[in-house]
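Consider the single chain below, provided in structure tokens and representing the form predicted on its own.
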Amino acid sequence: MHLTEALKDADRIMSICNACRYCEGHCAVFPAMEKRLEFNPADLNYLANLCHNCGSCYHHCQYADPHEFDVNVPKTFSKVRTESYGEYAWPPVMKGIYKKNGYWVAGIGSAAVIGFTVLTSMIVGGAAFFSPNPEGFYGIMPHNVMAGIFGFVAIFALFALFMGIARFWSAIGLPSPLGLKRAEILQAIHDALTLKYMGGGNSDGCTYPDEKPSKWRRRFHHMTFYGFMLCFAATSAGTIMHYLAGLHAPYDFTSLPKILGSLGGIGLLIGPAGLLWLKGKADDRVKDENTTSMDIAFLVLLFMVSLTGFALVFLGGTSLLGLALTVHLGFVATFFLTVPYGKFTHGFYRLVALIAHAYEEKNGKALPVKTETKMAA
């Protein structure tokens, strides 16, 4: 593994933190750190993905700037975490997409919107594209065509994501999932779903966007995550109803897919907007420019998927329906295409790191990671 400047700096900082141990009660990173006498790249990638970037350790650190040690765990781990996504990406040729990720997302999004505009205009004809359609948006693009396109893209995206997660899982030394105890997995899932470590070691919340503790980051994260899960549930319900129950789309506003989708869509408007607001106010000292660009691109993408989804509903029956459909499908396609190569991956990598932490806590020792290039002390 190539030893980047971020990995070298993370090794230096962890050595200092391991000698100090003032922050051991802040989150899971420091107990995991204390189980190690030295750190190889896999260790550092694990610790970086275990970090929830709450900022508490930075604001409490006696060795942070202007001290000559310049200890900055959140910023350094943000760099390492982003690099780890590329390190384990599949296929490996795609690792470069994490560099300047915001530009990649913008480029893919533009191409997807243009592509769907051309495709739908070819299907229905130029004049019909800008005319009201009595069958709604399924009269513009047939359900089976839409399902076929996104089904293919989703299968590739999920496979690529699975391969990346598997490579990370193996690199940090976790045993086979069958070799884990149920309690370890359940503990990790609980910690992930409750955002246990986004609190800085107390009940007051993150020191984010500044030194004053606040629970708003956790709240907006919850709105984003559960909003997404509700939208996923709406899509799943619609698929079951259409293909298994014989209840064909489109559905009315009192149907399960529409209710779940509307609630989820509201969450995906409020959550990302709130996180973007907090990110704009965040302390520049703990932000990594490349990571911030990737975060913003992902949050804007989620917000636009939801916003254009609502626009599609309200513009039904108007001459703007075709345009609204192509824009919405473009953003949805961008989301699927960037699932394995953007911020979406962080939730899965963090869950794996939390499983590793639960395993270490239950067994009282560090994971036996594979031997890698030694780093200078």
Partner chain sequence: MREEIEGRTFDVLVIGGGHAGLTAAVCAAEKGATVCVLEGAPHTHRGGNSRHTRNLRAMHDAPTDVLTDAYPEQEYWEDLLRVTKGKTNEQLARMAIRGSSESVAWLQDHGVHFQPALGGTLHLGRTNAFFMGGGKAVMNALYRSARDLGVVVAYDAPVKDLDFQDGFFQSATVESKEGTYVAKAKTLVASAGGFEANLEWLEEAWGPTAKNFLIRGTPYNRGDLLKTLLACGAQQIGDPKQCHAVAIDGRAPKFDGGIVTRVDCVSLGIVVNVNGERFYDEGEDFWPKRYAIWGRLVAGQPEQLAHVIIDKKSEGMFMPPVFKPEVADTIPELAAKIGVPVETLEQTVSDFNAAVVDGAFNHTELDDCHTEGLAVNKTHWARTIDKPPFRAFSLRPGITFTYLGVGVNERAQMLMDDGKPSANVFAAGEIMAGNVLGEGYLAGIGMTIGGVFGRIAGKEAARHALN
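Values in this document were obtained by computation on a predicted structure and should not be read as measured data. Residue numbers count along the first chain shown, from 1.
The form predicted in complex with the partner chain exists for this protein as well; it is not shown, and the discussion that follows is about that form.
ask   = the partner chain isn't shown here, but in the predicted complex, which of 254 to 262, 299 to 307, 210 to 218, 109 to 117 has heavy atoms within 4.5 Å of it?
value = That would be stretch 210 to 218.
inquiry  = Looking at N202, S236, T194, N144 here, can you tell me which has any non-hydrogen atom within 4.5 angstroms of the partner chain in the predicted complex?
reply    = Partner contact (heavy atom, 4.5 Å) among the options: N202.
message = Within 4.5 Å, heavy atoms only: does D9 come near the partner chain in the predicted complex?
response = Answer no; every heavy atom of D9 is more than 4.5 Å from the partner chain in the predicted complex.
ask   = Would C61 count as touching the partner chain in the predicted complex under a 4.5 Å heavy atom rule?
value = Although the partner chain is absent here, C61 would touch it in the predicted complex, with heavy atoms inside 4.5 Å.
key: Exercise: F314 in contact with the partner chain in the predicted complex, heavy atom 4.5 Å   = Because no heavy atom of F314 falls inside 4.5 Å of the partner chain in the predicted complex, the answer is no.
query = Does the 4.5 Å heavy atom contact test between R21 and the partner chain in the predicted complex come out positive?
reply = Yes - in the predicted complex, heavy atoms of R21 and the partner chain come within 4.5 Å of each other.
query = in the predicted complex, which residues of 273 to 292 put a heavy atom within 4.5 Å of the partner chain?
reply = Nothing in this stretch is in contact.
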